[in-house]
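Heads up, the chain below is alone and in the form predicted alone; it's given as structure tokens.
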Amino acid sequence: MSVFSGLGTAAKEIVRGGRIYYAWVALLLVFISLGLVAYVGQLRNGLGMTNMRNQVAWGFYISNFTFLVGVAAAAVLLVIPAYVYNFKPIKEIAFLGELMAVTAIVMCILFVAVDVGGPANLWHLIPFIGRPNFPVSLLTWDIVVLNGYLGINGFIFFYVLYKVSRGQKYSRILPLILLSIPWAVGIHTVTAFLYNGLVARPFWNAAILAPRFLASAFCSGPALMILVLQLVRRQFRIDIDGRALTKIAELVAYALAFNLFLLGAEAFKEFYGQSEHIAPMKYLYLGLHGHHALVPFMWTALTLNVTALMLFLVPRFRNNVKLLNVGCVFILCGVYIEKGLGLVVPGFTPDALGEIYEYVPSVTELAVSLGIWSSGALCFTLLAKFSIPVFIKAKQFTLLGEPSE
């Protein structure tokens, strides 16, 4: 007999909840509506509604895309201890990491769609219809790995959910779970290569860029997961083993230390060599020819990351929930700045003619981005509301993968 009466019963949980749940969903729907209105205006009037120009052709949309690819890739930090080392406290919550990866990839695709002006502009990348120029085009590679990663994690999530609802084991899917590990590394590596391959942009044309992408991803993604897990624990009143949060925090500490080391290595190479290619780094941290728009943001990001490293390295601080949460927020803000406008804008500054264009996101870009983030939050909320009761009622949440008799 099935452990759980059916997924249909779980689906009813989506429309059930208290005032906080309804208020949260309503707020997200308002933000999504604002984003849609702004996007319709962008479709009608073109990308001139944004502040992107010939000098800075990528902006806030691609900044968010790059950050979210890292969040999606970071799901591997839950998969490895859960399934490779069979660490049960994390294995119990690994499905939430897969859910986070699915949500992040969906937002990535939305940010790419709005950045190119509209979905219709992507038709030429569709196999057999357009001309994707595979395998020469790195953009095509990025689309392949992102959609592949979405398919892998989406299938794993719903397959495990189905098996758990029936009280059955899902060991047959282990090869696909293991495949998601190198694939997670691949999605962020290919994204880094998109920047790295633009040889005329010296700020991005560095072999260290891909490792920096991965290191920062393994900081921000798990930091977000730590905060989300605590919200899930409070909302659903479920018991999440504290060792899971502690282990994730340890992994974040190692990744953050490595990320700061790579940043220091890059800064040494630029400032010690004093070549002409130092201009983008100077623009970021010291200002260039009177332009200082990003300087306070970059020093803020560096301060937040260093402070978070101190909080995560000291076990007494790391095991304090309040300080742990503060450190997670610091990491998210620091990496978001560093990997967002702090990565995209200096690649175009100064441009090929030596001109400096001070890019600041427009109201349209901010509204559309808010709508996409809200769409992702709503997607995660509804899927979590649907899936978590399945694991709880099937008595799988404390020993996922080993069904009770």
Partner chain sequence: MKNDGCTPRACPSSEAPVAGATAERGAPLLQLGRRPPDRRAILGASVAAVAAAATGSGCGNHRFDAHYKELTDEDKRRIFERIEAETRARTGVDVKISAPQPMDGVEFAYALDLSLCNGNRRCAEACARENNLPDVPKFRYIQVLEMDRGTLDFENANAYYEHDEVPVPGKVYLPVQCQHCANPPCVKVCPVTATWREPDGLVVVDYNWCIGCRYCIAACPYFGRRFNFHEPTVRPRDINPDQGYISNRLRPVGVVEKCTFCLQRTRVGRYPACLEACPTGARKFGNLGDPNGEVRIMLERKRVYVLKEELGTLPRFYYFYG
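All figures in this text were calculated on a predicted structure; none of them were measured in a lab. Numbering follows the first chain given and starts at 1.
Below: the form predicted together with its partner chain, not depicted.
Only one of 22-30, 376-384, 64-72, 37-45 lies within 4.5 Å of its partner chain in the model of the complex by heavy atoms, and it is 37-45. Taking the partner from elsewhere, residue 366 is found to have every heavy atom lying beyond 4.5 Å of its partner chain in the model of the complex. Using a 4.5 angstroms limit between non-hydrogen atoms, residue 269 is distant from its partner chain in the model of the complex. Remark: residue 98 does not count among the residues lining its partner chain in the model of the complex, judged by a heavy atom distance of 4.5 Å or less. Using a 4.5 angstroms threshold between heavy atoms, residue 207 stays clear of its partner chain in the model of the complex. In summary, among the residues 182, 264, 315, 119, the only one with a non-hydrogen atom within 4.5 Å of its partner chain in the model of the complex is 119. Residue 139 is the only one of 145, 139, 329, 260 with a heavy atom lying within 4.5 Å of its partner chain in the model of the complex. In the model of the complex, 115, 116, 117, 118, 119, 120, 121, 122, 123, 124, 125, 126, 128, 129, 130, 131, 132, 133, 136, 137, 138 are the residues of 114-138 with at least one heavy atom within 4.5 Å of its partner chain, listed from first to last.
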